[in-house]
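Take a look at this single chain in structure tokens; it is the form predicted on its own.
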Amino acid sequence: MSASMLLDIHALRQTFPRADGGELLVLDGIELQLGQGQIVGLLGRTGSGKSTLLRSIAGLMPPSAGTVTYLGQPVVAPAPGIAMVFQGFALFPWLTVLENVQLGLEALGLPDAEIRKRALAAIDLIGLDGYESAYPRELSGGMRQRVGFARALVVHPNILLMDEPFSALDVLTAETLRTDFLELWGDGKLPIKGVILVTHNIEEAVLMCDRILLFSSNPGRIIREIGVDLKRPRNRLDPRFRDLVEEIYVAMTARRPVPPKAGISAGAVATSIDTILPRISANLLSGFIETLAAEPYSGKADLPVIAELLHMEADDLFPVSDALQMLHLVEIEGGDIKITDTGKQFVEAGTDDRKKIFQRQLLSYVPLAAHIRRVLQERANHVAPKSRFFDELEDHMSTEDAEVTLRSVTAWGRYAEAFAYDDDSQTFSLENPT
């Protein structure tokens, strides 16, 4: 490892135990290097393992295979010199700002005078001078996140890990905090040498990072690295900035090659019974496709443009567009989203005909929905418990993903009147088994 290399990750693989006794692969073959003076962004959809990777780097979760090397030494436990800022502030409500910031230094066994001096300096650095005696409940969300930054910076880490640190803040507060952080970084005032930022905000990644690693999902793999060769401060309206945003949207919505599957027509977005479904309501799908069909889009839109106008983050937009594409109501190519002929029919139809169209698409292109209906048709009483399908899903995905997937297909099936579900008895049934 060169003298300027802070972190080197090689062939990292992370698995978790599955309900059937097997393993759920979360991260696979991760290669990542962080040099001095770099901000590296990890960008991917929910479930791509970005936060899991951060915890492996921090020494909170040993990798199942591969290596994490920090300054030439393997990371097998929390490493001095690596600090983390979380999305949810993670402050102790019974401690003051000063006491929260001092916590990390107390663990180092420094003299009390040195602890206080460094804590006050960190608080001043991040713009909270005068709030040392305040409690978290007395602070705004942005101020509480500043305390989180101060607590991480006070130990003078070489590497700062940031796990979606701005996502819990309102737009203006997040922008202010990002700008302040970049100014301190650019002026060399932060006591850190490198940063790894997990984000789901594409513009944030382009605004802040020198390199962006794009992750696929289930399992998480690095599918592409994009360099950001723009001088700071960066202008969101700069055509080169917009081109990079567009390039990332195209890369993140590109279809990966898949083998043909029986019963799925050519050109379909191939899925299987164990495909993790996004937790999106049928009403949201209907509302989005109606917006896309109306002016000014008239059935076709650039994904970054519609995301900006609808104030949707990538993590909000992609699940909606994925679900609509899975149902063949839209097509996505080259960063553009376009309504299909079936999608047009859906938008123009009345309520009853919409349900019929949705049912046809659901049973044709979502194998789990077709599987549930087929099981119900084959049973004499046309009833099956939730556990019948949940246990099956849990053999192939995490418990959380199985729950989300079953909730999604249940909501879609109810809307389409493909099958019914009773919450009290937790059973599926057919009102019309034919």
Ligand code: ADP
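This one's a predicted model, so the numbers in the text were calculated from it and none came from an experiment. Note that residue numbering follows the sequence shown and begins at 1.
One more form of this protein exists, namely the form predicted in complex with this ligand; it is left out here, but the text below deals with it.
Asker: Which one of these stretches, 40-48, 62-70, 367-375, 386-394, sits within 4.5 Å of this ligand in the predicted bound form when only heavy atoms are counted?
Answerer: One stretch meets the cut-off, namely 40-48.
Asker: In the predicted bound form, does residue 401 come within 4.5 Å of this ligand, counting heavy atoms only?
Answerer: Heavy-atom contact with this ligand at 4.5 Å: present for residue 401.
Asker: Heavy atom to heavy atom, is residue 55 within 4.5 Å of this ligand in the predicted bound form?
Answerer: Yes, residue 55 is a contact residue.
Asker: Test of understanding: in the predicted bound form, would residue 26 fall inside 4.5 Å of this ligand by heavy atoms?
Answerer: Yes, contact at 4.5 Å.
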